[in-house]
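There is one chain below, alone, in structure tokens, taken in the form predicted alone.
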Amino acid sequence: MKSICFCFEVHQPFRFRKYRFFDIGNDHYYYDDYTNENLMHNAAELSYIPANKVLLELIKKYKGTFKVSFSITGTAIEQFNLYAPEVLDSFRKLAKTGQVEFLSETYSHSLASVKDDELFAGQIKKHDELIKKYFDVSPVVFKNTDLIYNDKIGEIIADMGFKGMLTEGAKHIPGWKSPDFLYCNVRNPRLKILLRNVALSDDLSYRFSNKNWSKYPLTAEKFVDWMIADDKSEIINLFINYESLGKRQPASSGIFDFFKKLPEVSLNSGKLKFATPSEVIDEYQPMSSVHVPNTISWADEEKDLAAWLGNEMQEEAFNKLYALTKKMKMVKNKDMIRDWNYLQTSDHFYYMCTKVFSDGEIHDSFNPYESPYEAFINYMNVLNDFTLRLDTFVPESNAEKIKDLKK
């Protein structure tokens, strides 16, 4: 019987206020609290609360046969605490059912995995401490920021003791192989790899309410037929942004009705069941190793890092940020550590993207700035102020100590 493996990504960044050049050195608070609170309330009302209610009802109705997983960032949990504690309570109710798996992530949904191994590991540990605190579970499967992956990252995750990792089923990665099987890391076969079914996941995320789509409308019956079409495949990995339920695909599109119907049609087919990533790893044997020498992600057609690091502005901001890493290792101040983590959130680099071709509209729809250049200037103003503050904690006279940290 084939397994349906649902994973929902839940993330909210701490967005910066309009931080002007003349604020540098004078005002050290960077956050747009009004926007952050409003956007969280909007996401909670349209997506998180109704979606969690639907999933809880389904879990209770199908008594152990309907299961899902979540990858919730640390910054999202912090914003739940600040602005929408009822959302956090609803996730806790899901956790108590025992039918929901919580995955590991980077605390601030960062790009640390492609820059600094030690920092990357530290962010994972910080994230997992929050998951343990709020949901009383310790994640055993890892999902990187927007499914970023390469062979080396997988090896790091294996060395940290995780038994599996999720990534994108990009066409050029499995090649002739199907994403609908379990694989393993080429450097450390102990780490199992789950590949996202791109077509079916994007049908739910992007095409569901598109009346110009040739397959519109999408019904549960039609979707189940697609999932069982290949008799030889073993797993259907559906990894999507949770806000696709209710926000990207509004309630009026029928997305919640679709999800209410999906378990019934799937289970009645006699060919499908639901499983969490851990259950998939425990049940199936890897088809083979998957070799990913160049970094991939789930972003855009290219499935690479261009969404965050595809132009000179992004590269400059990224490199200047992580040039501060060794100094930050000497800092114990809580405010500095908080700002350091929030500065690393990948969304800030995403806002600077200048892509205007195949995925340009997607980038525009998620960008709170009028242009990527405004996003860059604003970020650099914040980063320059942060750098000045850091110099007061770790002045240049401590260069020898910093040098020692390199050893």
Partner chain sequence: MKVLMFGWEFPPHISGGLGTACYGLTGGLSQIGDIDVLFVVPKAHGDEDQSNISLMGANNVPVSVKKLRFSKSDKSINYIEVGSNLIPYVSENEYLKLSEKNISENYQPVTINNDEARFNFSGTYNNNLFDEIYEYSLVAKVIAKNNEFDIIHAHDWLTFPAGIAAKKISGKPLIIHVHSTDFDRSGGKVNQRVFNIEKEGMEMADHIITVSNLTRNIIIDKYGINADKVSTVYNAVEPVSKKVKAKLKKGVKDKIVTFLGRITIQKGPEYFLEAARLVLKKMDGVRFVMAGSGDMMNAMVKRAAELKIADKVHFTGFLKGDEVTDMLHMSDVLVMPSVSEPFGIVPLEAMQSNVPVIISYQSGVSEVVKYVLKVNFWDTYKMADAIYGLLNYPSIWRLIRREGKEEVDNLLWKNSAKNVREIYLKVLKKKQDSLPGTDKIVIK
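Numbering follows the first chain given and starts at 1. Remember, it's a predicted structure, so these values are computed and weren't measured experimentally.
Same protein, other form: the form predicted together with the partner chain, not shown, and the subject of what follows.
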Among 21, 354 and 374, does every residue place a heavy atom within 4.5 Å of the partner chain in the model of the complex? yes
Look at the stretches 66 to 74, 378 to 386, 339 to 347, 43 to 51 and give the one with heavy atoms within 4.5 Å of the partner chain in the model of the complex. 378 to 386
Is residue 38 close enough to the partner chain in the model of the complex to count, meaning some heavy atom within 4.5 Å? no
Heavy atom to heavy atom, is residue 370 within 4.5 Å of the partner chain in the model of the complex? yes
Decide whether residue 333 counts as a contact residue for the partner chain in the model of the complex under a heavy atom distance cut-off of 4.5 Å. no
Taking any heavy atom pair closer than or equal to 4.5 Å as contact, tell me whether residue 309 reaches the partner chain in the model of the complex. no
Which of 316, 283, 129, 234 has a heavy atom within 4.5 Å of the partner chain in the model of the complex? 316
Which residues within 25 to 48 place at least one heavy atom within 4.5 Å of the partner chain in the model of the complex? 26
